[in-house]
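A lone chain, given as structure tokens: the form predicted alone.
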Amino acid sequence: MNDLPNRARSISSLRDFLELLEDSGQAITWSDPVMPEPGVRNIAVAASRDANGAPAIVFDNITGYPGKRLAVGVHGSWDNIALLLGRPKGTTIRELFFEIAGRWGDQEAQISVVPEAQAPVHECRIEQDINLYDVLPVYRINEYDGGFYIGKASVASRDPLDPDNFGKQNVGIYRLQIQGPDSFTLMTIPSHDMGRQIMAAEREGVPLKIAVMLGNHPGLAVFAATPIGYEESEYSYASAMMGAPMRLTKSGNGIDILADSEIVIEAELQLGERELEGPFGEFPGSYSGVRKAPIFKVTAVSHRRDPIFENIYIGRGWTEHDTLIGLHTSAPIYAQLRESFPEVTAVNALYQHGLTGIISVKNRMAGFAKTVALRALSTPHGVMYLKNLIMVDADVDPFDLNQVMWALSTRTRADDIIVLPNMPAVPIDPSAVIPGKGHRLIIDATSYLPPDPVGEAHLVTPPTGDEIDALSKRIREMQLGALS
């Protein structure tokens, strides 16, 4: 793997990344007075219209929250993702995908431990009279949300049945609804690591303590949303992918947390207790229903001086949710498929957390692409999320929808379409008749091989490969140079 620029390697916190973004024209400070609702929401939505170049926005004059700071859009554009990876602005999505795929499993994790007394996240600590409304400038992310939601929390937890196993220590992004000054609900599903841990704790009647990290290293925010194995550490993956150490410390309740996070909320699951939460604007662009969710009691809060609360807009795409997790949803599916099928050349699962995915593959034999599609449905992410799969040939760029639509238009026959009914599905899919159950659609838009009837048409095969990629890059650089 190529070494990252020193600037990228020096990122150890949200503040470092915001400084890098600002120096690169990718972060702005909104100092005009702004209402939490609808002002923050409207500005976040307006910024997300530019998926390629939207800046992060820091609000420092929020009506009703004097002295509080809020950041949105930190991962809100492909240019921001490129800078995080040490690549220049204007790097294409395809190039970013192969940058991430090339790093996958390529580096050893680097973990450094910071004593609690020296960790910036512990500069201020609250253990009595805890009031989350005093700590966080909260607001409803969407107009009809059922309450105040935290949408970009990296939640760290230990396996309640194997608490000393570092690999089983989960870090995931979960949405939290604040239910009172010192309590919140956390919604998850059984296939998520947190859902598995909640079920185990309640089944065995053992404690489950968590640490909710807010305003985190931007590399961890990406990997907390990445579907990796249960016994694989998100901290280790984030460190390996960034090529730099993750600075960890202990939370007050004994969990490994980032030493440089802005805020950490320590809490404990209230076994068997549930509280109504919702509705909530979700990533498919629809509201979830009102459901009973596990409730957690806050036991302490630590934060840096003058902390930055980081949140996210989630709703009808395109939003920061899509740029945050899109490529890091695609890369593990790609790696898992290539273990069995090295003919897979790229995976695009950018759309609504992979509810629609596009996979390019070199056909080994007639019908081969359908076999690859079925394997994709059995990957950890595919089990719940991959609803619509479009299979294309290796000469079709799955990140170029013009090429994908050409393949659909010219290579798909009616009998190349498979519908698998009554499959497990993510419960918040708005098309589901029964939440948690739905169809799988496979569209094979690859070329034909014997014994398929080929037909009379001979398709044009334009030049492809590294030379064409290099020429495209040079043309883009010449274009940008002419504008500078």
Partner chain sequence: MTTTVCGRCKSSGAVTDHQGRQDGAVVWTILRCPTCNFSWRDSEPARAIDPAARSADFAVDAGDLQRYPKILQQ
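All values derive from a computational prediction rather than experimental measurement. C-alpha atoms forming the largest set that superposes within 1.5 Å between two forms make up the rigid core. Residue numbers count along the first chain shown, from 1.
Although not depicted, the form predicted in complex with its partner chain is the subject of the following passage.
J.: Please tell me which of Glu268, Asp134, Asp306, Asp400 lies within 4.5 Å of its partner chain in the predicted complex, judged by heavy atoms.
T.: The residue from Glu268, Asp134, Asp306, Asp400 that makes the contact is Asp134.
J.: Quick check on this chain: which one of Glu202, Glu123, Glu116, Asp162 has a heavy atom within 4.5 Å of its partner chain in the predicted complex?
T.: Filtering the options by heavy-atom distance leaves Glu202.
J.: Report the stretch among 24-32, 60-68, 435-443, 420-428 that approaches its partner chain in the predicted complex to within 4.5 Å, counting heavy atoms only.
T.: In the other structure, the partner sits against 60-68.
J.: Hey, with its partner chain in the predicted complex, do Ser10, Gly317 and Asp322 all fall inside the 4.5 Å heavy atom range?
T.: Verified in the predicted complex; spot residues all out of contact, no.
J.: I'd like to check something about Tyr139: if you look in the predicted complex, is any of its heavy atoms closer than or equal to 4.5 Å to a heavy atom of its partner chain?
T.: Result yes; Tyr139 sits at the interface with its partner chain in the predicted complex.
J.: Applying a 4.5 Å heavy atom distance criterion, does Pro294 contact its partner chain in the predicted complex?
T.: Although its partner chain is absent here, Pro294 would touch it in the predicted complex, with heavy atoms inside 4.5 Å.
J.: Applying a 4.5 Å heavy atom distance criterion, does Pro38 contact its partner chain in the predicted complex?
T.: The answer is yes: Pro38 has a heavy atom within 4.5 Å of its partner chain.
J.: Taking heavy atoms and a 4.5 Å cut-off, does Trp104 contact its partner chain in the predicted complex?
T.: No, Trp104 sits far enough from its partner chain in the predicted complex that none of its heavy atoms falls within 4.5 Å.
J.: Heavy atom within 4.5 Å of its partner chain in the predicted complex: which residues of 269-297 qualify?
T.: The stretch touches the partner through Arg274, Glu275, Leu276, Gly278, Pro279, Tyr287, Val290, Arg291, Lys292, Ala293, Pro294.
J.: Does Asn388 move appreciably between the shown form and the other one, meaning a CA displacement of 2 Å or more on the superposed rigid core?
T.: No, the C-alpha position differs by under 2 Å between the shown form and the other one.
J.: Is the shift of Ser286 between the shown form and the other one large enough to count as movement, that is, does its C-alpha move by 2 Å or more after the core is superposed?
T.: Shift of 2 Å or more: no.
J.: Compare the position of the CA of Ala259 between the shown form and the other one after a rigid core fit and state whether the shift reaches 2 Å.
T.: No, because once the rigid core is superposed, the C-alpha of Ala259 moves less than 2 Å between the shown form and the other one.
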